[in-house]
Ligand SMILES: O=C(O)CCC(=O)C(=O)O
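In the block that follows, a single chain appears as structure tokens, in the form predicted on its own.
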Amino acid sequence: MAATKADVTHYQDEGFVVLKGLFTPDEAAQMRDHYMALRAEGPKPGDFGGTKDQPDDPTHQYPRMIQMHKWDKLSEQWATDPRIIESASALMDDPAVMIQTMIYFKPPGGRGQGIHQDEQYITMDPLVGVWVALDKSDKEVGQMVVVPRSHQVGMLKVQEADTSVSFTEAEAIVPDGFEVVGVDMEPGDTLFFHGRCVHGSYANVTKDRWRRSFICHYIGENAKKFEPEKGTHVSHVKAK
């Protein structure tokens, strides 16, 4: 069930598209259970629980994993699933090459992530992010938010994020006239977003719900690396 022509048009116009039910609820549950078991094993390479200035953030106890495909066969299998690869290739109009995997746990009370463009981290174009919901994702759990059509305005400046609500230290400065909108998703729904589409999330304000997600990044086979202009890369913000 790859992206349709209508999905490609929506992605080109808005900078993102949700493919409902790309993975089944059972597949989402398998991913969720698998990563909870891996997390229970202890530290993994590249774990990141967020900035240290908020020691009570439960994300420190459930840090993000990264590049799991390099040491976990199931992660590699999911990240190279034809449903994702074919869709990402169609959206970029270039064969997709997987370059990154992540798992975010976002337990109850966990901080969100300051809104940003992925190309403010990964300086390759074209780039597409893929976000698979493993739990029901709505406003209360700190759903993904996007800024429609923000991919059309080029690379944006960055500034310090409010780390009382963001587990990362940088965020994009969104121009006037753009709106931040939430994306409701069910387990297995998959959000694809352009490398320059502004997105992020807010805190999980529930006491008993998680917002786990499997995340991958893909570049086009013909992608080019670029040098970010001053003030447009997250490294240009002083770490806390």
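Source: prediction; values computed, not measured. Counting begins at 1, following the sequence as shown.
Just so you know, the form predicted in complex with the ligand exists too; it's not on screen, but the next bit is about it.
With the partner omitted here, the stretch from 30-38, 198-206, 55-63, 178-186 that lies within 4.5 Å of the ligand by heavy atoms in the predicted bound form is 198-206. Looking at H151, you'd find every heavy atom of it more than 4.5 angstroms from the ligand in the predicted bound form. Put simply, Y104 is close to the ligand in the predicted bound form: some heavy atom of it is within 4.5 Å. Using a 4.5 angstroms limit between non-hydrogen atoms, H194 is distant from the ligand in the predicted bound form. Interface residue remark: H116 is counted as part of the site for the ligand in the predicted bound form, having a heavy atom within 4.5 Å. Shown without its partner, this chain lists A96, A79, M144, A161 as candidates; in the predicted bound form, only M144 has a non-hydrogen atom within 4.5 angstroms of the ligand. Residues of 212-226 that come within 4.5 Å of the ligand in the predicted bound form, judged by any heavy atom, are S213, I215, H217 in sequence order.
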